[in-house]
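Quick heads-up: the C-alpha cells below are two forms of one chain, split into structure 1 and structure 2.
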Structure 1
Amino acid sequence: MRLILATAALAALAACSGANNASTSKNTTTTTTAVTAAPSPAPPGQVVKIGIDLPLSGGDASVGISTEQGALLAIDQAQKNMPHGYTLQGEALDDSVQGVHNPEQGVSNVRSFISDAAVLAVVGPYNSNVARAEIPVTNAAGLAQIGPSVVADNLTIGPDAAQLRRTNPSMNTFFRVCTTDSRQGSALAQFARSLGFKRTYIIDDNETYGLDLADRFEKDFTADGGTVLARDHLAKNTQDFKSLLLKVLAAKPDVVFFGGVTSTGGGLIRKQMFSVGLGKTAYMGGDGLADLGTVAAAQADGSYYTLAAPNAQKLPAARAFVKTYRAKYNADIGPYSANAYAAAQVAANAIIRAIGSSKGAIPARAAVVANVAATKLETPIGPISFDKYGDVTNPVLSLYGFKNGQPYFIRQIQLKL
C-alpha cells in the first residue's frame, strides 16, 4: 500500500453528522420520529480525501505513476478553492500484484477507501478488468468513482453494466473522462486500412479491455474489406511467444493487431517479433500500448496505437497544466496524466460544491455523486460533462506511432455521439 498526501499534514478527522432518532412520550404511547440534525460547523483541520487507485508498480508503473501525478496535481491545486477549515488530500493505493494490475487488489483498495469516512470520491482505476471488479463495490457504497482511462464499453451501457450496479441500481456512481473500446477499435481499423493494410493477425490478452478492443477491430476491419487471417488468445503470464509468432509469420500478415496492454504480453510480443523475422511487420493496438517503448525500446518502431484522450501537449487549454506538471515532477506528462488531472478536478469540484450545501459538515457521499453527475467543467482536456450512463459527452481519440523508440503524434479525432 502506498500513501501520498497531496497537501499539508493530516489533521484529526471530525465525526460525520447524520440523522438522529428522538423519542417523545405522549400518554402511554411512544412515537419514534426521525429528526435530521443540523450539520455542525467544520472545525479547523477538517480533512476530506480523494482516493486514487492505479497500478503503481511492475509493468504498468510507467503509465500508472504519471497518471497518479496528474491526479495529485489537481488535488493540490484544488486546495485553494476549499472552504475555510477544510483540507483536501489524495490517498493513492497500488492495484498491482507481482508486477501486473490485479482486480482483487483493486477491490481491496476501494474497500479501504470506503471504510474511511473522509474519502468522498475515487479516481481510477487504470485498467478495465479492475474497474469491472470495483464498480459493484463502489456502487453498493454510493461512492463516486471517476476513471481516467478505462474504456470497456460494457462498464457503462447494457445488461452487463446493469449487473455491475445491481445492489444499488437507482444510483450510477461510475463515470469516465475517456471514450470507449468500440470507438478505439473502429478508429484503429479505419487507420489500418488507410495505411494499406489488407491482412491482419489478431492476438488478445483474454482480458476485458483486450477482448473488447480486438472484437471491434476485427468487426470493422473485415467490414472495410480487410482479411483476418487468424486470432489467438494469450494464456496468462506467458513470457515466450516464439511458437505463436512462428504461426503468425507463416500467415504473412501486413499488420499484427494486439488487444491488451504492454504488461500482459504486448511489449514482449513486439520484441520477440524481431527474433522470428517479423521485425518489419507493422504492429498495432489501443492505448494499452502507449508505454510500449519502455519494453521494446527502438523495436517499438513500426507500431501504432490510439489514446482515448486528446493530445494535451497540443491543446491551448492544457498549456498551464503541462507547464506546472513539468515544473513539479521534472518530467513530461504521461499518456493519461491530463485525463487523471481532469478526473480529479471533477471529483474536487463535486466535493467543494457538496461542502457548500452541507453547512460545514463533511458532506454525504451521495451529494458528491450527484454533483459529479451534474458536472459542467472546463479542464485541460476540454469541457467535461457526462451522459446518464456516466460517459463523457465530448469524446476524443488520438493516433500515435513510434519512432526511435518514442511515441509521435499523428492526428486527433473528435468523435460524434
Structure 2
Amino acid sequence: MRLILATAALAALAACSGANNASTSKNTTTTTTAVTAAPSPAPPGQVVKIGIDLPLSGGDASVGISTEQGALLAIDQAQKNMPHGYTLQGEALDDSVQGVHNPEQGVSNVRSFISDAAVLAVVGPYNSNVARAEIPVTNAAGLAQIGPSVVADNLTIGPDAAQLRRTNPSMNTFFRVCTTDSRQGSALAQFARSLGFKRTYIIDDNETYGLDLADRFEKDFTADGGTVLARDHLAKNTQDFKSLLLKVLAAKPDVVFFGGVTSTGGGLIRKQMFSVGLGKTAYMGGDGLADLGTVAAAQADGSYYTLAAPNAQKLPAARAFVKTYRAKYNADIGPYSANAYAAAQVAANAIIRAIGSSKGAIPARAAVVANVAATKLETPIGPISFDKYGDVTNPVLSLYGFKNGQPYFIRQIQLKL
C-alpha cells in the first residue's frame, strides 16, 4: 500500500512539473474540448477512473489514508455494477507537500486528472483551502468533484462560491456529502432548546469560523424562542477571560455558547468559568471544542459540541460498511471514511447512469456532472441528494458531550432545513 502511494506521489510530482509549465489558456482549450467531445463507442476493456485527491503523507496522513480507503472500497464494490466491458479504477494522488496539505499541489493533481480522459469524476480534497484552489479548475474543465469532508460555508454558498465558479457559472461541478460549518450552529441551537435552555450568552473568537458559527447559533436560537442575553467577541493573545465571565455571570445564562476553537480561548473560558462561579452552567460550541478535554480535563464535563458529520460507527445504515471496512483494512474506520465511501459511491453511480444513457459509449464529463447533481442514493451516512449549490439536502450532524473529561456520543441531529 505504502509503495503504491509513494509511486502515486512520485507520479503526481512528475505530472505537476509538466502541468505547471502548461499555460492556463492551453489548459482551458484542452479541457473545453473534453467537455464538448462527442461520445464514442467503448472498445472492450474500457477503463474509466475516479480521481482521488487527499493528503496522504505527513501530519494529515492518518485521516487522509482512512478517507482514501473509504473511497477505494466504494470503487471496488461498484465494479460489479459497471456496464459490460467497463473497468472502474480509483487513482489516488497526494496533495501534501512536506507533510502539509497544499493548495498548489492539489491544483496540479486535479490538472493531471483533467488531462487523463479516462477520469470522469474526482473525490476530494480533504481541506477547505485546497478545495478553494481546486474548484475553479474542475469547474473550468466541467469535471465533477465531490468533497467528503470540506466544511467551509463559502465553497458552495454566497458571492465567494460564485467567484469560484466564474469560468462555467451555469454549471456547478462541486458537490459535498458533508454539511457545512455554520449548520453546526443550527444543530446546536436545536439541541440547546431541546435541553430546555432559554437564555444564552454568546462569545466568539472574532475569526471566520467562530463568527459564522456564533451568527448561525444566534439566529436559530432566537428563532426557536430562546433569548440571547448578549454577544461578545474575544481579543487575541489574552489569557484572562475572567472580566468577561464576570459579565456573563451577572447576565445569568442557562448556557454559554462559544464560537471558536479550544486554542483561541475555548479551553480557557471553560476553565475560568469555574473560578468565577459559572462552573454549573452548560457550555457549548462546534467541532472546535472537540479537544476541550485536553485543556479543561474534568472541568469539560457539562460541555457539548457537534461534528459536521454523522457518527458512522453508530449509524444503522453504516453497519455493513463498518464491518466490510474492518475486514478489508484490518482497522476501524477513520472520521471521514464513511463520507469518502459515500462520495465515491455517488461518483460511481453517476458514471454508471451516464454510461447507461449514452448507450454504452464513454460518457462526456458534463453528463457525469448532470448525473451527480441528480443523485438520489442510499449511502452508509444516509440518503444523499444535492441542492442547486451542491450541498446535501438532509444534513446529519452528531452531538457529543463530556464525561470525566472524555467525549461521549449523544445522538445524531438531522437538521430541518
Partner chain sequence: MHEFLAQLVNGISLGGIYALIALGYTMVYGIIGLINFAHGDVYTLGSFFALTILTALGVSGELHGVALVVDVAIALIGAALLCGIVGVLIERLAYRRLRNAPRLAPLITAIGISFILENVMQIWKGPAPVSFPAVVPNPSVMVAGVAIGAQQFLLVGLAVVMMVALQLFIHNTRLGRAMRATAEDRDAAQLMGININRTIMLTFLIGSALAGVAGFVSGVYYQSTWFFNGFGAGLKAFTAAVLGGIGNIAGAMLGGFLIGIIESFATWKFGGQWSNVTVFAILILVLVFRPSGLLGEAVFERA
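Quick caveat, the model's predicted, so the values are computed rather than measured. Counting starts at 1 and follows the sequence of structure 1. Only the largest set of C-alpha atoms that superpose within 1.5 Å between the two forms is called the rigid core.
Of the two forms shown, the form predicted on its own is structure 1. Once you line up the core between the two structures, the Cα of Glu104 stays within less than 2 Å of where it was.
Superposed on the core, the two forms differ at Thr294: its CA moves 2 Å or more between the two structures. Fitting the two forms on the rigid core leaves the C-alpha of Asn404 displaced by at least 2 angstroms between the two structures. For Gln184, the Cα deviation between the two structures after core superposition amounts to 3.3 Å.
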